[in-house]
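Here you get one chain, nothing else, as C-alpha cells; it is the form predicted on its own.
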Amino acid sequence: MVSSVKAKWLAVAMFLMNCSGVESVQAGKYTISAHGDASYGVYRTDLGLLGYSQGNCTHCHEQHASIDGIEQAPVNGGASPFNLFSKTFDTAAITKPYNQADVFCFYCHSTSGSLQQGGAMVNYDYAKTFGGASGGPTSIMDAFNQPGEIDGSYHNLYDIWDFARTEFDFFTDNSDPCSACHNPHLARRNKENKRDASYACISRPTEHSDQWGDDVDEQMSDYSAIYQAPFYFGSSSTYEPDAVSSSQDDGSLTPDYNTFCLDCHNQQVYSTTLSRNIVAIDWSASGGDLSGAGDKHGSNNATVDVVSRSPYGVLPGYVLSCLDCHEPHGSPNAYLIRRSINGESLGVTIDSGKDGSARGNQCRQCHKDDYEAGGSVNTGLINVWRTTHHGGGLAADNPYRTTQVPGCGCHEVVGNKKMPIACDNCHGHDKYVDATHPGTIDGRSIPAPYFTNGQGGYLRRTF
C-alpha cells in the first residue's frame, strides 16, 4: 500500500507542479534529495498516520487542499500556491521576528513545533556545521530570529522576495524566499556529507534548476588558485570544511560561494532592515588603489605589506570566500558576521556602532593587531591597531605619523583619552580613503598623508 501511494502521488505532484508555472521536476533527482529521500526525507506526522511514505510529495503538496475531504494541519481554510499545504510567504512579515506561519519552510525547519516527524528539524549555522564552532542556533528559523533586535542580523526575507521576483525568471510573486537560494526538489543533505560535493544544498538564482557546488568547476579552488581555507575551530593544522588536512585546504571541497552570492550582490540591494542600499560588491576586478578598483579581499591584490595570522602569513593576494566571514541566514553579530572565524571564536558580539569597540575583533581573526604583532604578551593590546596604522614594525604599511600631535583631528577625544576609530569608518566593501572621504568618528576626513600609492596621491583602497 505504501509504495503504491508514494508512486501515485509522486506522479500527480510532478504533473501539478509543472502546470503551476514552475519547472518540471525530475523524479530521479527528487528521490535522492534531502526532501525526497525514503530514509530521512519529508514526513509530516499526520500524513504518515494515513499511510504516506517518507519522501512522498504529498507531505508538502495537497492537490485538493485536503485529503479525503479533510484539511490536514496546518488548517488555513483553502488552497495555496503550488498546491502546497500552506501559503509560501506572508509579505506582511517585513522584518523579524518571524513566526512559523510566515514562511512555508519554517513549518518544518524549526526547533519546536516542526511538522516533520519528531517535532524538531535540526540545522546548525555555517560556523558550526562547516567550521566546527560550538553553540549557536539549532534550526533555520532560529538562525533568522537570533537575539539582538538592533544588531543581530539576518537575511531579510521580504527583501529577498521583493528582489528575486523581478530579477529571476523562475521566481514569482507566490514563491517562498528560501527558494531564491535553494531548490527544494534538488537540495541534498550537505550537513551530513560535508566533503562530498554531490550533496550540494544550494542552487544559484540564475541556475535554479541545477545544484551549485556539485560540478568540477564550482568550487572555491576553481574561483581562485590562491584561495586558502581558514582553520577549523580550535585547530592550527586542520581546515574548513570538516577539519580536513592541508592536502585539501585549497577550497576544492568548498562551493564557490563568491559566484553564488554575487548573483544578487553584484548590484545594490535595498535593505528594509537597515533602511539603505547594501553596496554592490566587486570581487573580481583588480586596479590596486584606484577608486573604481575591486575589493582587496577579492581578486584585487594588496598594494603594500600584509602581515596576517596563520594560515595566511605574509603573502598578499589571497581571495576569500564570502562565507569565510559571513553567515548565510542570520547571526548574533551585525552584518551577518560569523560567530567564529579562522578557527577562533570572536569572543564578543559585533555591533554596528561607530565607537571602535568591537569590529576589530572580526579583523583580528586574520590580521595582526598589536597583541599579535607584539608577540602575544600584553592582552591589553588585543584589538588595538596602532602598529598597523602608525608604525612600529610594519613600516611599509604605515600611512600616518608614528607620533601624532595632540590636535591631529583624527580621533575623538573624551577627557584626555583619544578614542579608537571604528574599523568600518574606513574599511568595508567598496571603501577607500582620500582627502574628501570621511573616516573619523565625527565625519572629518583622514587622508593618509605619509602614504603614497604611486597612483597620483593619497587615495587608498581600504578593503
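Note that this is a predicted model, so its numbers are computed, not measured. One rule holds for the numbers: they count along the sequence shown, beginning at 1.
Just so you know, the form predicted in complex with heme C exists too; it's not on screen, but the next bit is about it.
Contact annotation for the candidate site: Cys181, Cys261 and Tyr312 all lie close to heme C in the predicted complex (heavy atom within 4.5 Å). Looking at Gly131, you'd find every heavy atom of it more than 4.5 angstroms from heme C in the predicted complex. The shortest heavy atom separation between Arg276 and heme C in the predicted complex is within 4.5 Å. Under a 4.5 angstroms non-hydrogen atom cutoff, heme C in the predicted complex lacks Ala79 among its neighbouring residues. For the chain shown alone, Leu253 is not a contact residue for heme C in the predicted complex, no non-hydrogen atom being within 4.5 angstroms. Checked against heme C in the predicted complex, the residues Ser271, Thr111, Gln100, Thr349 give one hit for a heavy atom within 4.5 Å, which is Ser271. Residues placing heavy atoms within 4.5 Å of heme C in the predicted complex fall in a single listed stretch, namely 84 to 92, out of 374 to 382, 67 to 75, 245 to 253, 84 to 92. Looking at 177 to 196, the residues that come within 4.5 Å of heme C in the predicted complex, counting any heavy atom, are Pro177, Cys178, Ser179, Ala180, Cys181, His182, Pro184, His185, Ala187, Arg188, Arg189, Asn190, Lys191.
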